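Only one chain comes next, encoded as structure tokens, the form predicted alone.
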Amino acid sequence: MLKKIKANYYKCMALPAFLLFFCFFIYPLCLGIGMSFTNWDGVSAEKTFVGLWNFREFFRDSRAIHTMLTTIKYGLLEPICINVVGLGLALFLDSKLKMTNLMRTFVYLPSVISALVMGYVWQLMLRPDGGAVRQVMEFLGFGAHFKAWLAYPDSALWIILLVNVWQFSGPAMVIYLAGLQSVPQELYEVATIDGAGYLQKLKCVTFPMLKPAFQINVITNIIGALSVHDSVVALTDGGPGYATETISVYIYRMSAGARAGYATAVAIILLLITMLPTIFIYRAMQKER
């Protein structure tokens, strides 16, 4: 009897969270799926059912395919770079050096600022007519190597990547630091007795114990990278041309262009693109653990 009462109590405690999840995720998702099969313009009350036309139109549009490839490319590069930089910073700042707490604060601080604001700050710094980056390079004698990187398709995406890696390596570092501090010191002592060096300890003790932190960072970074929007709008606005336009920016423009039904269909495609690698990585790491 007591077990049943406890079970019902736990269900009642979980009910508010379930209601919020249903109201703000499940219900809007169902509405969005239904809307993706219409040609709604986002304003009028008239909605005409068009079936899979919106989805076919996306894969027929060369611009849409380009945005999808750009998003996938960015979604592969950013998680790798953020995790490499975040792990390196965590290993460095896990030591007992002086002012490590201050350095951790400086590394984490950029992630507190809005990505849109940070993007506009860097856009001003990278301006060819008096930007801070150009002035610093001229002061150091490298002014001849400066160019308007945001105006070239080959370099614009890399600038967005560098800005986001610089801004969001801090949260990854914090998660890795928490993982490092939870590793039992006895394991390192045993490894030392067995004659293991620093690299062997990393391979056989540190990295295996960091797999939960690695899983969290990779999944969250993939989701964030595939849905990147603010920094792209602030730095390049999808340009030059459509070179750096991502799916989220494309959705926004289609929705603002009175194509809400089509934009919702593209959002469903983005959801599927995000879910596939997330589920694959989660299941692969769960099996390995």
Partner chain sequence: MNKKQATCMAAAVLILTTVLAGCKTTDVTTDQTAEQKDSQKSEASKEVAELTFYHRMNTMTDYIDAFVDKYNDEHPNVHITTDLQTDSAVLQARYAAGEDPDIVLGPQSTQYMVDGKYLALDEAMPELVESVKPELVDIVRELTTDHVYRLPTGMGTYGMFYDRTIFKELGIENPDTWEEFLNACRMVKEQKPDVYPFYLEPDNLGHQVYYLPLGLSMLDNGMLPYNKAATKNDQSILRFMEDGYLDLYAERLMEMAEEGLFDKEAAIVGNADTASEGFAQHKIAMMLDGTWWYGDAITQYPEMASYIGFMPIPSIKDDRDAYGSVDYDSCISISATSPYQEELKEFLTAWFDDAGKYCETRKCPCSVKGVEVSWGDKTFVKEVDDVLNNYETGVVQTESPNGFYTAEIANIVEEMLVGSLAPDDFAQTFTDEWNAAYGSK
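Numbering follows the first chain given and starts at 1. The structure presented is a predicted model; accordingly, all values stated were derived computationally and were not measured.
Form predicted together with its partner chain: not shown, discussed below.
Undergrad: Are 39, 128 and 150 jointly within 4.5 Å of its partner chain in the model of the complex, each by at least one heavy atom?
TA: Yes, the whole candidate spot contacts its partner chain.
Undergrad: Pick from 106-114, 70-78, 119-127, 195-203: which stretch has a heavy atom within 4.5 Å of its partner chain in the model of the complex?
TA: After filtering at 4.5 Å, what remains is 119-127.
Undergrad: Wondering, does residue 35 line up within 4.5 Å of its partner chain in the model of the complex on heavy atoms?
TA: Contact with its partner chain, yes.
Undergrad: Does at least one non-hydrogen atom of residue 224 fall within 4.5 angstroms of its partner chain in the model of the complex?
TA: So residue 224 does not count as contacting its partner chain.
Undergrad: I'd like to check something about residue 31: if you look in the model of the complex, is any of its heavy atoms closer than or equal to 4.5 Å to a heavy atom of its partner chain?
TA: Residue 31: contacts its partner chain in the model of the complex.
Undergrad: Even though the partner isn't displayed, in the model of the complex is residue 256 close enough to its partner chain, meaning a heavy atom within 4.5 Å?
TA: Residue 256: contacts its partner chain in the model of the complex.
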